[in-house]
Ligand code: HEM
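Read the single chain below, which is given as structure tokens and is the form predicted alone.
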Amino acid sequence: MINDSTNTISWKSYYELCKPKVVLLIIFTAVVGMFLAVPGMVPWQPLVFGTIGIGLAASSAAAINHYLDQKFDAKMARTKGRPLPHGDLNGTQVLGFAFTIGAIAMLVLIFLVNELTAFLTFLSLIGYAVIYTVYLKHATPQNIVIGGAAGAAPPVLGWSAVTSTIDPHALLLFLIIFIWTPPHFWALAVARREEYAKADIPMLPVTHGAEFTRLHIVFYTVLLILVSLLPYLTGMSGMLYLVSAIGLGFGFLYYAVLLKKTADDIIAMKAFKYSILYLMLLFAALLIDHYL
């Protein structure tokens, strides 16, 4: 019984290393990119193997992030229960897991999808797991703005998995997520600014104050609304998407303005949670509109 319990904990710990909620959002936006790349049904091979490869690569990057951030995670209430600071796994186990699933991801993408997707996915993995986590996160309060490029890549990866090209419309999807990332993450950072300060991570509300950050959340949300109109303005999407983008965008702006007015950390967390729902519903609208 003890061994069974230990094995259960280990598998749950490995699963947690993958940041499953984040990876599911990554996979969803990548799959939407696949469907938007073609007028009809996506061929089964890039759909299945592209999803597997991109998902495994994202999970590998998440596990590497766990390893590199373990001493900082131990200082923050939000992250101190993660497998490494909690002692459920050791560094060797985490790196072994990360490199194994990362290697499988690259092999799947190279041999069963295409080399361009494998290359772009590898760049995204390195961008998040190394460039952002090791350098940007601790070097500048603009960390999430610059580092957001890695997190914005999934629709481009999905598109290239189907077409073996980097399409301008895929880059519009990249731009939407790139602009979405700062207000999304800064809402969390505002609510958890004391934890980031304790861990000595120079997030914007730590270096420039919560009020300054709340103003920037409003600014980026307005910019996001404008950028989200581009798929309609370029003929990529139709009226259903336009109405959805405007409605969802003003919902996001409502929380951003409310946060600016109230300076309430509870509102900050509501804004953070809404931002996730916003992105999911926006990409769902893109997908539905594409087939109507």
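Numbering starts at 1 and follows the sequence shown. Not measured: the values here are computed from a predicted model.
Beyond what is shown, the protein has a form predicted in complex with this ligand; the following relates to that form.
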Each of Y14, K80 and V130 having a non-hydrogen atom within 4.5 Å of this ligand in the model of the complex: is that the case here?
no
Could you tell me which stretch in 92 to 100, 164 to 172, 184 to 192, 216 to 224 has residues with non-hydrogen atoms within 4.5 Å of this ligand in the model of the complex?
184 to 192
Report yes if any heavy atom of I276 sits within 4.5 Å of a heavy atom of this ligand in the model of the complex; otherwise report no.
yes
Within a 4.5 Å heavy atom cut-off, is L281 in contact with this ligand in the model of the complex?
no
Please determine whether V108 contacts this ligand in the model of the complex, using a 4.5 Å cut-off between heavy atoms.
no
Is I26 part of the interface with this ligand in the model of the complex - any heavy atom within 4.5 Å?
yes
Which pick from V206, I177, L84, V156 sits with a heavy atom within 4.5 Å of this ligand in the model of the complex?
I177
Going through 136 to 150, which residues have a heavy atom within 4.5 Å of this ligand in the model of the complex? Please give them in sequence order.
I144, G147, G148
